[in-house]
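Here's a solo chain for you in structure tokens, the form predicted on its own.
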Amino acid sequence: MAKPLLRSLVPGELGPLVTELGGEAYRARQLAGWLHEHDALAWDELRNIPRPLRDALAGRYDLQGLAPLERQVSTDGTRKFLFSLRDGQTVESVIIPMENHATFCLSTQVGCAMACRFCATARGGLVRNLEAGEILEQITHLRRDLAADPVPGHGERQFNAVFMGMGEPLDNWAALPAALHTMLAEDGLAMSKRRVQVSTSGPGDGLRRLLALAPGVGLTLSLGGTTDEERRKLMPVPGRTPLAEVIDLGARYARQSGRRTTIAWVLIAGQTDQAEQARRLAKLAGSGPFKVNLIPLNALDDDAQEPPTPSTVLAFQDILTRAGIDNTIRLSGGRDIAAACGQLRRRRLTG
């Protein structure tokens, strides 16, 4: 059985651990620096940590839980990674080059139980949750990749992180709070709350837990429908939460965090691209502190669903704009490398 990952501990837990193992208290700060500032993945990289303390830590914890299995780079600069986990499962992460920074798309689960019709990850169901250390180590590998192969023009600018990879983040309460804590903590990754976004299909219990946690990070709600019936067709599991409740919880979180909640609307030809749906979506978005991201479907290679034509996308957007709804069209990157959530893993599993 694999040992727990050292990165799964929040920074405040390192001090008691170090003193328990016979180390001086200040070694905890050094250890946190190696984990979260210097992206160490091997015990020998912890050069100013005494060998006896390193050996004691290695006896209880693993330092690395992910092994790079595949790396693909799109013509648009998107980089997609497939990592092997210690139990032989695989998980994906993506680096998305933005105008002046990189965005890391992170996974929280192997597979997903939400069964959303437009998502490749959902096809295989949920295998297991990721540990907090497995979530955080994705950042370690992506930062090391950028250090070895920088994106021109991005300099030293801090990255953004979105929980928009494999899995439903609000379904992994064994790990998400610790991962967010370490990302935001000064002795962790010291990220600004404005650089972190949790994207969710909107299960009611998870949204209520997020409200109780109050991390202050951004929130994106994937609706899938403007009525309960529409939502259940595309998103059977999260669709069990009434749409009115999802909107209410999203609005409450926006007021709590001081940031508008984003509504993500996947545009699928003939299913979610109708003018009447745009009008209903405008009404939902206008009911609270929301903005809308329109996302033309990144088509799956084994599915008949397709994105709408560009003219249909623009017509849908025009209805929102005329209704006074702040909105953007977000084109999915990496289409030539199967960069949509779960596609690379699914291709490897199915051959």
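Start at 1 and count along the sequence shown; that's the residue number. Keep in mind that what you see is a predicted model, and the values were worked out from it rather than measured.
Beyond what is shown, the protein has a form predicted together with a small molecule; the following relates to that form.
Q: Does Gln64 make contact with the small molecule in the predicted bound form, using a 4.5 Å heavy atom cut-off?
A: Contact with the small molecule, no.
Q: With heavy atoms only and a cut-off of 4.5 Å, decide whether Thr182 touches the small molecule in the predicted bound form.
A: Answer no; every heavy atom of Thr182 is more than 4.5 Å from the small molecule in the predicted bound form.
Q: Does at least one non-hydrogen atom of Glu92 fall within 4.5 angstroms of the small molecule in the predicted bound form?
A: Contact with the small molecule, no.
Q: Does Ala178 make contact with the small molecule in the predicted bound form, using a 4.5 Å heavy atom cut-off?
A: Ala178 lies outside the contact set for the small molecule.
Q: Taking 4.5 angstroms as the heavy atom distance cut-off, pick the stretch from 184 to 192, 80 to 88, 244 to 252, 261 to 269 that is near the small molecule in the predicted bound form.
A: Selected range: 261 to 269.
Q: Which residue among Gly218, Gly133, Gly239, Pro169 has a heavy atom within 4.5 angstroms of the small molecule in the predicted bound form?
A: Partner contact (heavy atom, 4.5 Å) among the options: Pro169.
Q: Out of Val110, Met164, Leu207, Ile139, which one falls within 4.5 Å of the small molecule in the predicted bound form, going by heavy atoms?
A: Selected residue: Met164.
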